[in-house]
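Heads up, the chain below is alone and in the form predicted alone; it's given as C-alpha cells.
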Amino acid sequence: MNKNTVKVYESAKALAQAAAVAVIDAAEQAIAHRGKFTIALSGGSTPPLMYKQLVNMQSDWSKWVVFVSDERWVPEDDAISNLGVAMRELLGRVAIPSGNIMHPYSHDLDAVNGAERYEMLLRQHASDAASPSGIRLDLVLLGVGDDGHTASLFPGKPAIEEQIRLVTASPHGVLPPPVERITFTFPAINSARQCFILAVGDKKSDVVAWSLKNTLTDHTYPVQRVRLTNGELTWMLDKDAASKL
C-alpha cells in the first residue's frame, strides 16, 4: 500500500540535514535486512546540500549501490552531470567501492542505447522477483521542477507514459542546456521501498500544493504520478515550498 507523508522544515539547510539522517536510517535498515543499500540519487540544487551532511556521517559505505534517477547525456566531468556533482560532493569522498557506483554515461553509446544499458545494470543490482517491475530499489531521491517534472520526466513528453521500460531516453525539456537525458520511468520509481521528493523555494509552491491537494486529473503534473506500489513516499519541503498547502 502506498503511504504518503509530508514534512516541512524551516530552511533548505534544515531540510538537507533531515534528509541526510533519513538516508542513513534507510541505509542501516536495508543493510541489516538485505545486506546492501540500493539508492538512486537526484539532480537539482538541494541534493548537494544533503551530500555535505552525508559526507560527515557514518555508514557501511561498502554496502551502498548507487544509481542516479536521471542524467544528462554528458560525461561525468561536465559541470551539469548529476553523477559528477555526486562524485565531487559525496561519492568520491567516502569509502564506496567504484564498482558499486553505476555510471550512466558511455562515450560509445547514444542516449537510447545508454538507457538500455543502464536498465540492464538496474535489473542486475536491484532485482526483485516479487516486484511487478522486476526490480526494487531501497530508496529513490527525486526533486520537482517549477513545471512539475521529476527526474527527467517532463510534461507532454513520451517518457511519462512509458509502462514497460525502467529507463528511457528523454529529449531535453524546457530547462537549459538542451541536451538529451536518460531517466528512470514511473515503473522503476514506483516500485521503490521508499522515495523522498525534495522541494525548496516558493517557486515550487504552486506545483507542490496542486500535487498534494488534487487527485490525478487531466491537469496532472508528472510528479503526481509518483505513487509507490508498496512503499513509503515522503515529501520533504522547506517552508517556502509548503507555503500554499
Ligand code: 6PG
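The shown structure was predicted, so the numbers you read here are calculated from the model rather than taken from an experiment. The first residue of the shown sequence is 1; numbering continues from there.
One more form of this protein exists, namely the form predicted together with 6-phosphogluconic acid (6PG); it is left out here, but the text below deals with it.
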{"query": "6-phosphogluconic acid (6PG) contact at residue 44 in the predicted bound form, heavy atom, 4.5 Å", "finding": "yes"}
{"query": "Contact of residue 104 with 6-phosphogluconic acid (6PG) in the predicted bound form (heavy atom, 4.5 Å)", "finding": "no"}
{"query": "is_contact(residue 144, 6-phosphogluconic acid (6PG)) in the predicted bound form, heavy atom dist at most 4.5 Å", "finding": "yes"}
{"query": "4.5 angstroms heavy atom contact with 6-phosphogluconic acid (6PG) in the predicted bound form for residue 152", "finding": "yes"}
{"query": "Contact segment among 185-193, 208-216, 46-54, 25-33, judged by heavy atoms lying within 4.5 Å of 6-phosphogluconic acid (6PG) in the predicted bound form", "finding": "46-54"}
{"query": "In the predicted bound form, residues of 84-117 near 6-phosphogluconic acid (6PG) [heavy atom within 4.5 Å]", "finding": "none"}
